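Below sits a lone chain in structure tokens, taken as the form predicted alone.
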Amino acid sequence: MTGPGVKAAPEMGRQRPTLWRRLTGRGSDRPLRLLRSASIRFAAVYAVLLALSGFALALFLWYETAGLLDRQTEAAIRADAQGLSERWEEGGLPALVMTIDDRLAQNVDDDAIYLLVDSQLRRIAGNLQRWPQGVTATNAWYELPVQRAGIRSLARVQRFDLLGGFHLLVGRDVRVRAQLRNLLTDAMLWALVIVVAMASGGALVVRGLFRRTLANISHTSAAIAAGDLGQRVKLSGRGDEFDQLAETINDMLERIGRLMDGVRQVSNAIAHDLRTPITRARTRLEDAALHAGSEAELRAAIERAIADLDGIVAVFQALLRITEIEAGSRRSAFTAFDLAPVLADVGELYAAVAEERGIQVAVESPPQLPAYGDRELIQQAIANLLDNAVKFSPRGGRVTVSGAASGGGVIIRVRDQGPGIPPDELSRAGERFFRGEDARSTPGSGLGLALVQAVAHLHGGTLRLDDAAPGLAAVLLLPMAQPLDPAGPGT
């Protein structure tokens, strides 16, 4: 079937995604990306805050200006009404009418409004011809249009009821004030529009600055992800929060670079140090397979190869142990214990080995030495230090292991009388697989001090290597626990 019906299916398949995007709107995700943009959000927050601040300021100014005019007008009306009330109480209706006429005659600003009517709302005195409609409640403020001297105006008035059914209307012409208030309102609205425009412009500036700053970090991160570990985030020199962030990122990148260099060095060291024993084991097995004349010779070759392979396994076990220690997974075994028996046990263990080489091992420790940490790891760290000291001590030498409490911590010092470590190699002595020139001829993998340093860091302590002149003094500082109960389990 190769007809047109068969060819139409692919066309429909190609058109369906486009139709689906049109129906669902998923094809135009630019607005969604803008909403997810942090720079847009920060710019919007800035614009909203600036607009709200401008609106609050405009509202405050309007209230303080237009509201002040209204309050002044109301205060003048109250004072005027108080004076008229006193005249009414003193002289009755004639005195009140005379006072109203005098005040109208003396009103220089021509803004006073008075109207005195009887119970039938017939005019008695004042400058209004009729009582305004809607003014029915006393002690209430009314702002309404009035006709005064043939001129239509705007008045703010208040009604007062008098004895005998008389009614008094006191007010002020506020047409000019209303015009001023409208002018202020228009000015505030225009100011608000300007503030919104400035907020929008400022938001765009903030967005640009934010994007440029993040673009610097994003560019550096992309370069690092691509393998260029030499890239660093550029500093603006202003010392602001972005510079602090850039410095933190650069410090992190420096540490990552050092760790990567360490990984490369460890890889090279593993390849170098393991190549020899693996090659030696292979050579022995191959030689035994070709030239062994008896079962005993073949067995001896196999045993020597197994010893070489055991050394390789020991190296990997030490690496795994160092990694486990540096990961901090052994902190669950931390407890308070007495370090004095640990020093005695390790010293006794290595005394027998040292005695065969004519080396004396001395342990100096108080009866009790409270410590806190992983007893097994600390014991292994001390054993590594003592093993190095015995290994590099000359025949007839002396190795001293001492422990003491000092300043809230425990100091463990292992001192030998060997050749020591040259000053230019002391800083690298704790690196994995590092072996000085004087130690090339001695057996070992270069992981002993690295493990001790990992144990020290795990316990919040330090490892320091000092020149003992002659020999080397390895100082291990560990935190100290509370003194132990002599009857407790740590004794």
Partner chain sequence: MNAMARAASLALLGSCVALGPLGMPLVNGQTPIEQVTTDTPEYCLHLLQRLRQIEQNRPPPKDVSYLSDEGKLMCDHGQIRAGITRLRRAMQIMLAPTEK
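Numbering follows the first chain given and starts at 1. Note that the structure is predicted; figures quoted are calculated from it, not measured.
This protein has a second form, the form predicted in complex with the partner chain, left out of what is shown; the following refers to that one.
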Identify, from the list Arg258, Arg78, Arg264, Arg152, the residue with a heavy atom within 4.5 Å of the partner chain in the model of the complex. Arg152
Contact with the partner chain in the model of the complex, heavy atom within 4.5 Å, among Leu245, Leu163, Leu144, Ile194 goes to Leu144
Proximity of Glu74 to the partner chain in the model of the complex, heavy atoms at 4.5 Å: yes
In the model of the complex, does Thr400 come within 4.5 Å of the partner chain, counting heavy atoms only? no
In the model of the complex, is there a heavy atom of the partner chain that lies within 4.5 Å of any heavy atom of Leu290, even though the partner is absent here? no
Does Asp101 reach the partner chain in the model of the complex if we count a contact as any heavy atom within 4.5 Å? yes
Determine which one of 406-414, 118-126, 233-241, 277-285 lies within 4.5 Å of the partner chain in the model of the complex, judging by heavy atom distances; exactly one does. 118-126
Quick one: which residues from 91-119 get a non-hydrogen atom within 4.5 Å of the partner chain in the model of the complex? Asp101, Asp102, Leu104, Ala105, Gln106, Asn107, Val108, Asp110, Ile113
